[in-house]
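Given as C-alpha cells, the chain that follows is alone and in the form predicted on its own.
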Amino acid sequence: MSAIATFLASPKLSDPVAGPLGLFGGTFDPVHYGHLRLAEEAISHLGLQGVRWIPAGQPPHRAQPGVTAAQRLAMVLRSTADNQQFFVDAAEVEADAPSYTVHTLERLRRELGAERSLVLLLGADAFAGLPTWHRWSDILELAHIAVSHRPGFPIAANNLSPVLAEAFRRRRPAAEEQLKSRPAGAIATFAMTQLAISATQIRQLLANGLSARYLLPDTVLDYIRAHSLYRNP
C-alpha cells in the first residue's frame, strides 16, 4: 500500500457533520507549533466544531517545496493525531492541479452542502494579501474568514488595501454570531498567543545541522530525521 493510501485509511481524514468547521490550508513545510496553536485557539475563540487541515499539493504562491507533498501530509497527520478536533484532508496533495483556495472551497461545498458553516483560518499577513488571490471575492461567498492577530493589536481597516478594507468594514460587524447562523460571508478576528516560529526558520536550522527541538512536535522531528529532510546537499 502506498504512503498516501495508508494515510487515507486513517479515521483522522474525516470530520464532524454539524457546526462551524474551520479550514486551515497551507504548505506546512514543515508543520510546527505555531500552526497547531492557531488551530487550537481558533476552536476555542470561535466555537468551531473542529478544524480540517488541508495541506497544499502544488502551492501556486511559492516555489514547489523541497520535500514531497506526501511527506508534508505525513507530518501534518503525525502532528494532529492526538487531537480529536483536528481532521486532515488529503485531496489537494493527491490533485494534479495547483491548490487554489477558491477551488478547494468549491469542492468542499459539493461535499458538505450549501448550508454548512465553513470558516477559513488565516493569519493577518495572509489576510492582508487576500486581494491578490485567485477569484478572491468568490471566497467570501463560499466561506467565512477568521483572521488571527497579536493580542492587543487587532486588525485595522486603515492598514488594508482599499478594496479589502471596504469588505472588512462591511463584513466584520456581528461576525462571530454569523459563524453559527450563516454558511459564509463574515470576517471574524481572534487574538492568539504569539509564538515566534516560522517554517523558514526551522528549515534553515535543519539545513545547518542545528536543533529545531521544541519548535515542532517530536513526532514530526522524528519523521524529518528518519527521512533526512531539509538537509543541505
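One-based numbering along the sequence shown. From a predicted model like this one, the values you see are computed outputs, not experimental measurements.
The protein also exists as the form predicted together with a small molecule; that form is not presented, and the subsequent description refers to it.
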item: Output flag, Thr27, His35 and Ile197 jointly within 4.5 Å of the small molecule in the model of the complex, heavy atom basis; value: yes
item: Contact label in the model of the complex: Thr80 to the small molecule, heavy atom within 4.5 Å; value: no
item: Any non-hydrogen atom of Ser148 within 4.5 angstroms of the small molecule in the model of the complex; value: yes
item: Close approach of Asp125 to the small molecule in the model of the complex, 4.5 Å, heavy atom; value: yes
item: Interface membership of Met192, the small molecule in the model of the complex, 4.5 Å heavy atom rule; value: yes
item: Region of this chain that lies against the small molecule in the model of the complex, out of 161-169, 178-186, 43-51, 197-205 [heavy atom, 4.5 Å]; value: 197-205
item: Closer or farther in the model of the complex: C-alpha pair Pro151, Glu41 (3 angstroms or more); value: farther
item: Residue pair Gly152, Arg172 - Cα distance in the model of the complex, closer or farther (3 Å or more); value: farther
